[in-house]
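Only one chain is shown below, in structure tokens, and it's the form predicted alone.
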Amino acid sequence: MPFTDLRQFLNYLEDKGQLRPVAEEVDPEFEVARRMNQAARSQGPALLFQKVRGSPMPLVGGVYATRERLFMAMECTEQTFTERLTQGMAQPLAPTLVASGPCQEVVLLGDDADLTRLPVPTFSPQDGGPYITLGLVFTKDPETGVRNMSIIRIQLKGKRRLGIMARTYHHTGVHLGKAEAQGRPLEIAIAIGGDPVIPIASQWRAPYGVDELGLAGALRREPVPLVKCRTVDLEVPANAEIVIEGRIPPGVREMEGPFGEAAGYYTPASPKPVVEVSAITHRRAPIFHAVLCGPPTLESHLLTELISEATHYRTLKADFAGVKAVHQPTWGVAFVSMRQHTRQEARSVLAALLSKSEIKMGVVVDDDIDVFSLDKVLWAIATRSQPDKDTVIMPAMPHSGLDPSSDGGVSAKMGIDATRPFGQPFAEVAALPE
């Protein structure tokens, strides 16, 4: 049976020894992040901070800090998660609208909607302020009404004001661009907490106009229940812990940042859109949910990489039948294993992989190499490739602007063909007794 909400999943994690309550009071400025970082680096449990200074709400962090817990949320294993995700992308299950939900047990409107009551952490010393890092952002295309869901960094700027990093090329940014062209505000809702598969589904780079909640429904094997917001024309998961409603006014920009991003570096402050908050709704005794960002590997990376692996596997497999597995061991890097059917087919796979904006370095290995084992991949590079013949450099490719070495989102990329020469004799692997 799928987990219906965050609380049910936390109870499950505690039963499995994967959640540790923290009874003493903690400071949301740096201390929460420090403890989350310690737990993540040691592959420790998720942490439930029961007393956060300055807020009546508890905070949970580190829920997605191990692949094992991500698999627990999806009720799958390392061996089956790719199939679960790719099947869900191919056969999404649309959400359903319900009359009411726990996320609206408490409704705060106007001046009562005070964001400073939330235990929003400040993660890194140079961050521009407290940040909501696991807010599911819901907007609609002003022309078509099609919904989009994503996770975007959100800076707390005041009791009823937020800064938001809505890049122009992301779907939320496209919605904002269309609204601003019409001179209208863009309505927005930010859901925090809820069914643990929904944040996973939000990381799907779905085609424009495809609702990521359909993937969440497929993963949980039943539609995600949604409720209508109170002050904006949007729907949000009914079982969320907290929902922030508001509008992004057209043409308004304020400084947002710096922030220690997933690439592991601070991104500088720059003018960004703002959210004017009209309502906060939440469950009774809500739980705030945060993820830690910074140098890899943290839960912000795992949350993204898991679904990226499945997405890249799906697209590569459609064109190259011999592709066996895809793994993203760290930010900007991907490994692919395959059985070649034609000479130099691995080069074509590298070209397709490096065309993805988030991948800067790719390695293709034979299908006898476990791409989830760094030792095996490095062994293949060291014994099955020659740097002068098997390294591919692709100059001036689109790449993530979070990479500080890129030139405004343009970067050279590197691929390594670490496969044995197709159709030619090659040394046999020494087989040890099982």
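The first residue of the shown sequence is 1; numbering continues from there. Worth saying up front: this structure is predicted, and the values here are computed from it rather than measured.
Not pictured, yet referred to below: the form predicted in complex with a small molecule.
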Specify the contacting stretch among 273-281, 119-127, 101-109, 195-203, defined as having any heavy atom within 4.5 Å of the small molecule in the predicted bound form.
195-203
For a quick test of understanding: in the predicted bound form, does each of T133, T172 and T304 have a heavy atom within 4.5 Å of the small molecule?
yes
In the predicted bound form, the residue from V227, V232, M74, C293 that sits within 4.5 Å of the small molecule by heavy atoms:
C293
Exactly one of N239, S300, Q155, S337 has a non-hydrogen atom within 4.5 Å of the small molecule in the predicted bound form; which residue is it?
S300
Any non-hydrogen atom of E309 within 4.5 angstroms of the small molecule in the predicted bound form
no
Though only this chain appears here, would E245 touch the small molecule in the predicted bound form if you measure heavy atom gaps against 4.5 Å?
no
Could you confirm whether V333 comes within 4.5 Å of the small molecule in the predicted bound form, counting heavy atoms only?
no
Look up in the predicted bound form whether L215 has a non-hydrogen atom within 4.5 angstroms of the small molecule, and give yes or no.
no
